[in-house]
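Before any questions on binding or motion, here is one chain by itself as C-alpha cells, the form predicted on its own.
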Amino acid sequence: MNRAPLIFLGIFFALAFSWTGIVLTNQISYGSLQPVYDETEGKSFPQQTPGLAARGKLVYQDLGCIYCHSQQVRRPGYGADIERGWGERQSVPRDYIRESRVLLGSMRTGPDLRNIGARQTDRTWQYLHLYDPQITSAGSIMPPHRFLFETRKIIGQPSPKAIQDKLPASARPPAGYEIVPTERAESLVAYLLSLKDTYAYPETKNVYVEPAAEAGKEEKK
C-alpha cells in the first residue's frame, strides 16, 4: 500500500496546526493592540519614531548592534533587568506596535538598550561612547566606532557638534582640526535617544508573581 499521500497529509496538517498555534494565535492576541491616548498629555503612546531616528534605526541594523544588544526588559523574577536600571518596568507587546521590524535581539554581550534614551539623555555622552566606549564606560568590550566621525580642518568657526574638546588629551586631533559626527552618527544617536518605554500602560500595572514563589505554591499542593 502506498502511504505517501497519508504521510504528506500528516506533515501538512502538523505544519498547519503549528503555524496556527504560533503565528495566527499571536496575531489574534496582539494584532488588535492600539496606541493608548493620554488625555492629560494630549498624546498617543507609544509615539511614532521621528524621521531622523527612523533613519538611525537603519544604521543600527547595518552596524549589527542587534548581535550584542537586546531591546526587551524582562519582568521581575526572569532576570535582573530592572535591578540593573535597564528599565522602570518590563517590556510589553504594546511597546512595539509602531515598529515594522522589532529588534528584540537574542544576545546580551552589552546591556539591553530598550531604554537607553531614558538612561543616557546626554547627546554628547552618546557620541563619546560611540567614538571610544572606554571614555564613558571603562572596561567596555564594545569596539570603537570612530568611522562614524570625521576629522577635518577647522575653517572659520568650529562646529558646535565637534567633540574633540571632550576627548582625553591623547585622543585629540592636532591644533586646527576638529572631530565631528557624520550624518550616520547623528541618525544613530537620534535613534538611541528615542528608545525609552517610560509610559505605564494598563497591562504594565499588573502584579507579577516571581517563578520561585509559584514553584513554592506548587510544592505545597
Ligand code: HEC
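Predicted model, so just to flag it, every value in this text is computed and none were measured. For every residue, the number given is its place in the sequence shown, counted from 1.
Quick note: we don't show the form predicted together with heme C (HEC), though the next part is all about it.
Novice: Residues in which of 36-44, 177-185, 164-172, 59-67 have heavy atoms within 4.5 Å of heme C (HEC) in the predicted bound form?
Specialist: Heavy atoms within 4.5 Å of heme C (HEC) in the predicted bound form occur in 59-67.
Novice: Would residue 111 show up as a contact with heme C (HEC) in the predicted bound form if we use heavy atoms at 4.5 Å?
Specialist: So residue 111 counts as contacting heme C (HEC).
Novice: Is residue 96 close to heme C (HEC) in the predicted bound form, meaning a heavy atom pair under 4.5 Å apart or at it?
Specialist: Outside the cut-off, so no.
Novice: Is residue 126 close enough to heme C (HEC) in the predicted bound form to count, meaning some heavy atom within 4.5 Å?
Specialist: Yes, residue 126 lies within 4.5 Å of heme C (HEC) in the predicted bound form.
Novice: Whether residue 190 contacts heme C (HEC) in the predicted bound form should be assessed with a 4.5 Å heavy atom distance threshold; does it?
Specialist: Residue 190 lies outside the contact set for heme C (HEC).
Novice: Check 92, 103 and 105: does every one of them have a heavy atom within 4.5 Å of heme C (HEC) in the predicted bound form?
Specialist: No: no residue has a heavy atom within 4.5 Å of the partner.
Novice: Of 117-138, which residues get within 4.5 Å of heme C (HEC) in the predicted bound form if you count heavy atoms?
Specialist: Result: 119, 125, 126, 129, 130, 133, 137.
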